[in-house]
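So this one's two forms of a single chain, laid out as structure tokens and tagged structure 1 and structure 2.
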Structure 1
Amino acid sequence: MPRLAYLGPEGTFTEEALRLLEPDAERLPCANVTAALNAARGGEADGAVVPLENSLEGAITTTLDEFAWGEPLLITAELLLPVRFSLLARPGTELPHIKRVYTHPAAITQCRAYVARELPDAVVVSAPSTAAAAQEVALPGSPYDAAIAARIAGEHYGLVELAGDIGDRSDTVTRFVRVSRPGPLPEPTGSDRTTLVVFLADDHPGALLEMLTEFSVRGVNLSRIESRPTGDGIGRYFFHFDFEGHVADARVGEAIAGLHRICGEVRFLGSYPRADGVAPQIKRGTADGEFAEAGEWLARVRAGQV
């Protein structure tokens, strides 16, 4: 039974994602995303489950930066989890009494319209996670009047739901990934995704276009591109890419090798089955067989068999 670290305490969306990804895993709750990833890196856990992006808010930047700078980890699975937020309070609390709300920063951005409309005078304070907020609000002397968290967190910590589904959109989804220390990759399934971090060799006109060309000419469809500051000053960025396909696919392998030739550093973060099961459209001339046939043709040309 694998032991998986996650952003705790019990009742976070990350825990729900972990339970769906690995129902039989032993769960190790951690105080934050970095601690969960470090537990996986250090061997305290066999892996970790962390949020990577949200369909409304975008990237979870802590996760992106950990993947780029920390000890290498490999993504082995992904999951798309619908996220529904509730306003939770101690029994007896009424909406007009709520002056201090506690929740995770990702929930603050996703519930902005509700808070502005229903709690215009409330101060919203950042918590380590939505469940940590619910746990804190449940304490009798808590300085907070309400938490924004999953309904299940309210049930777990003995809070009542004052309002449900308070997100700005009711179709919001967070994408979670399971990571492990480097080891064998998941086998290609025909519906896979690959994730990379790329550092430029130098800053020059067309550097981004050159990277994108490596994908474009091989028919590799990107699903996410993100720039993150390197920390070396204004205007210095590295790039995160998600794209369709598995590194075992010829077009993907060739694109990554191309990036390795032209960029400063490429960090491979894994090839793993897509959560939505969608198979990529293979453009003419980019199927594995076509790459193999072209290689054989080139070998004949080089041997003078024209």
Structure 2
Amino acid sequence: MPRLAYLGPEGTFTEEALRLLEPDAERLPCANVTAALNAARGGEADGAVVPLENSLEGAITTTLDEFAWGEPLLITAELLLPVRFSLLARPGTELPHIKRVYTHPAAITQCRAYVARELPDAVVVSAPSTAAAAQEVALPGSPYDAAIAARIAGEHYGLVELAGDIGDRSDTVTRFVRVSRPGPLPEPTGSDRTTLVVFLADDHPGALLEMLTEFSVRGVNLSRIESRPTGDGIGRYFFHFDFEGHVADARVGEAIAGLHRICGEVRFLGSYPRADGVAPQIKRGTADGEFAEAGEWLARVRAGQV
């Protein structure tokens, strides 16, 4: 039974994602994303589950930077979790009694319309996480009347759900990833995703276009690109890429090798099954068999068999 670290405390959306990814795993709650990833790096846990991006808020920058600068880890699985916020309170609390609400800033943003409509006189205060908010509200004498958090947090801390699914957007999704120390990769499934961090060798006109060309000419479809500052001064960035396919695919391997030739550093973060199960459309001339046939033809040419 694996032991997996996750962004805690108990009752976070990350715990919910972990339960779905690894129902039988022993769970190790951690104070933040860095602590969860370090638990995996140091062997305190067999791996970790952390959020990577949200369909409304965008990338989780702490996770991106940890993957770029921390000790190497590999993504081995992903999960797309619908985000459903609940208004949680101590038993006996009614909506008119709520004057102070505690929750994470992301939840404040995503539940703004509900709070304005149903709790117009309430003060909303930022918490370290939605689960920490629920934990605080459950304490006797808490200065807060309610928390906005995942329903699972109410189960953990003995709170009742006064209202469910209170987010402004019902289609909000957070993408979580399971990571582990470097080792064997998941086998290709035909519906895979690969993730890289890429650093420029130097800043010059067309540098980004050169990187994108390595994907384009081989028919590799990008699904996400994020730029993050290197910290070396204004205008200095490195890049996160998600794209369709597995490193075992000829077109993907060729693209990564091409990036390795022209970039300062390429950090491979893993090839793993896509959570949505979508298979890529293979552009003519980029299937594995076509790469193999082209290689055989080139070998004949080099041997003078024209």
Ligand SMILES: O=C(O)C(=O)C[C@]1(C(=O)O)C=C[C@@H](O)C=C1
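In this text, rigid core is short for the largest set of C-alphas that superpose within 1.5 Å between two forms. Reference numbering: structure 1, starting with residue 1. Because the structure is predicted, anything quoted here is derived from the model rather than measured.
- Taken from the structure described as the form predicted together with the named molecule is structure 1, whereas structure 2 is drawn from elsewhere.
- Domain rotation between structures 1 and 2, with the chain taken as two rigid parts and C-alpha atoms superposed, amounts to 17 degrees for the smaller part.
- Relative to the superposed rigid core, residue 119 shifts its CA by 5.5 Å between structures 1 and 2.
- Core superposition gives residue 140 a CA displacement of 2.7 Å between structures 1 and 2.
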